[in-house]
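Here you get one chain, nothing else, as structure tokens; it is the form predicted alone.
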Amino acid sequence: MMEFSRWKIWMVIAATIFGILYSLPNFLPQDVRTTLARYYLPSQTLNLGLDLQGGSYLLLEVDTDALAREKTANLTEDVRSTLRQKSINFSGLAATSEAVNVRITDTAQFEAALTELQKLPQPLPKNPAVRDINVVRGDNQTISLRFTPDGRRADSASAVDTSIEIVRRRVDSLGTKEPTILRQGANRIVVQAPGESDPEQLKRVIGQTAKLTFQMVDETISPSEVQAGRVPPGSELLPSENPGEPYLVVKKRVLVSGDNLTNASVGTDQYTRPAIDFRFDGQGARKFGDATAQNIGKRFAIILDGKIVSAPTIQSAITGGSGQITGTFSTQEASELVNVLKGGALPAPLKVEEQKTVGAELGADAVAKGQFSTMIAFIFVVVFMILAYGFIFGGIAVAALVANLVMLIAAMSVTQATLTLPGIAGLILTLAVAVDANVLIYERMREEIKARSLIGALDAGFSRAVETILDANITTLGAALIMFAFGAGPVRGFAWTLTIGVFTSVFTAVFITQVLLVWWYRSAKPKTLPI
């Protein structure tokens, strides 16, 4: 121990400077932090979680049943379109919850129909050997396209993953700082938005499916047939977004979808009312140009989440790849719609299972109580170490503890970790675990001094206690990582604080305490161990 390497001393000095520089902004006012940022000095602070800052909490459930129904409807249209393109006669096209069935009326065309329909199944992205649909030859010239269980599970998992990313983009568009968006269980999503005081706006932005499609209006249907509910196969009756306007029959075939959008922005129409300007990518512009060129003089419907926003008549081919959606939007509604369109369409609807709001006053009260509890815990640790090991060894332990706290705050500031109320509990536990390492070292020295010299006792105290310290902290680290991997929300906040605390505790106990003891020994040249 007395042969202390210089690199260890420099590492302790560098770590201490790092801790001071990166933790200091947490105790400075905003204007000072802004000045520091101009000079490229550390200015980041801890992010306060929902329970400390206030904000909104939503528990959302991805409607996988609606997703399955949509997949079934899409497959039905794919079957109809495929058979019509090949001029194959069919009847009895019907869907169940698990399959789409069709009867080929001409026996001579059965094999050709089977060959064409076998092109519809797709391999699963993560398991190419498995298909999402099985095409089965049935009795009486019937072909059945059945969804596989693996395909259904893959669709659900993909929908949840995609929904998380889209929700994240939509929440970010609101300017919410450091939102927490996590998967919970198989098909649930937790959204914590610190500082977001309007949960209704959050629900509007997150919950809107934002599924935008462009489809042709079916003008072969007379108003009387519409009133009688006689809608031909391949078409559907959709309401208008504007109250009072009649329903329209539109063809189910989608010309272009919102997936091809590259940009959306708030603009104004010819009457200076808020509107939405949009632009397609190359593929979308090509599809839109071809569709409008082939249907001049006909109407096409702009459909958002199953409602017709507008249904203009095509005057000429629109080949520029851009256009405008007009309607009875307010400026706020147009702005919110632009944000959700930019974020992309949700693959399935989201249902709000739980909602709560934490007020800023309640958050401030939690911060005050957290600071008070941390201070009390720190004072108790200081008093215990001084009483148990005296001013010299107790003071060294307290100095290492302060360094540990500073480094912990600095590390959380650098990683932009979110501090929650359970995170404060993890911080207090870290302080207790950190001082426990000093107790192990000191108690080992007490035992060794009975059979060794002072230098031998100091050396043996460190070398033999370090193994125990590492064992204890590795166990704690394992528990923290398990909580972080499988926990959610506050549990992850606690686990993250504890994980960082394990590393800072080991560093301060093994290195900083050792440097201070070496410095004390070389300065005081003691004859006995003052414990």
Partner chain sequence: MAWPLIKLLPAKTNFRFVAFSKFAAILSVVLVIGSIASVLIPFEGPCGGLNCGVDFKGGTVLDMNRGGQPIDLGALRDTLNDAEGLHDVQVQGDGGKNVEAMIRFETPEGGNPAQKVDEIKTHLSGKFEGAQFTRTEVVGPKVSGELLTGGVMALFFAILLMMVYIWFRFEWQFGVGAALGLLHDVILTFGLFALFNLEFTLTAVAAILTIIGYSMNDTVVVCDRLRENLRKYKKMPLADVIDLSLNETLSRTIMTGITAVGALVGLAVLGGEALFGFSIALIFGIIVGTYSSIYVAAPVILIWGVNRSDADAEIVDMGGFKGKR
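We call the rigid core the largest set of C-alpha positions that still match within 1.5 Å between the two forms. Positions refer to the first chain, counted from 1. Since the structure is predicted, the reported quantities are computational estimates derived from the model, not experimental observations.
As for the form predicted together with the partner chain, it is not shown, yet the points below apply to it.
Here the marked residues R80, P149 and T262 all miss the partner chain in the predicted complex; none has a heavy atom within 4.5 angstroms. Using a 4.5 angstroms limit between non-hydrogen atoms, T476 touches the partner chain in the predicted complex. Within this chain, L350 lines the site of the partner chain in the predicted complex, having a heavy atom no more than 4.5 Å away. In the predicted complex, V491 approaches the partner chain with a heavy atom inside 4.5 Å. A residue is said to contact a partner when one of its heavy atoms sits within 4.5 Å of a partner heavy atom; L408 fails this definition for the partner chain in the predicted complex, lying far away. Only one of the listed residues (S144, T326, N339, Q355) places a non-hydrogen atom within 4.5 angstroms of the partner chain in the predicted complex, and that residue is Q355. The listed set V135, A95, V231, L440 contains one residue whose heavy atoms approach the partner chain in the predicted complex to within 4.5 Å, identified as L440. Figure note: of the listed segments 301-309, 418-426, 160-168, 124-132, the one touching the partner chain in the predicted complex, with heavy atoms no more than 4.5 Å away, is 418-426.
In the predicted complex, the partner chain lies within 4.5 angstroms of at least one heavy atom of each of the following residues of 428-453: I428, L429, A432, V433, V435, D436, V439, L440, E443, R444, R446, E447, K450, in sequence order. With the core held fixed between this form and the one not shown, N438 has its Cα displaced by at least 2 Å.
Relative to the superposed rigid core, the position of the CA of G395 differs between this form and the one not shown by 2 Å or more. Residue displacement note: Y247 has its CA displaced by under 2 Å between this form and the one not shown (rigid core superposed).
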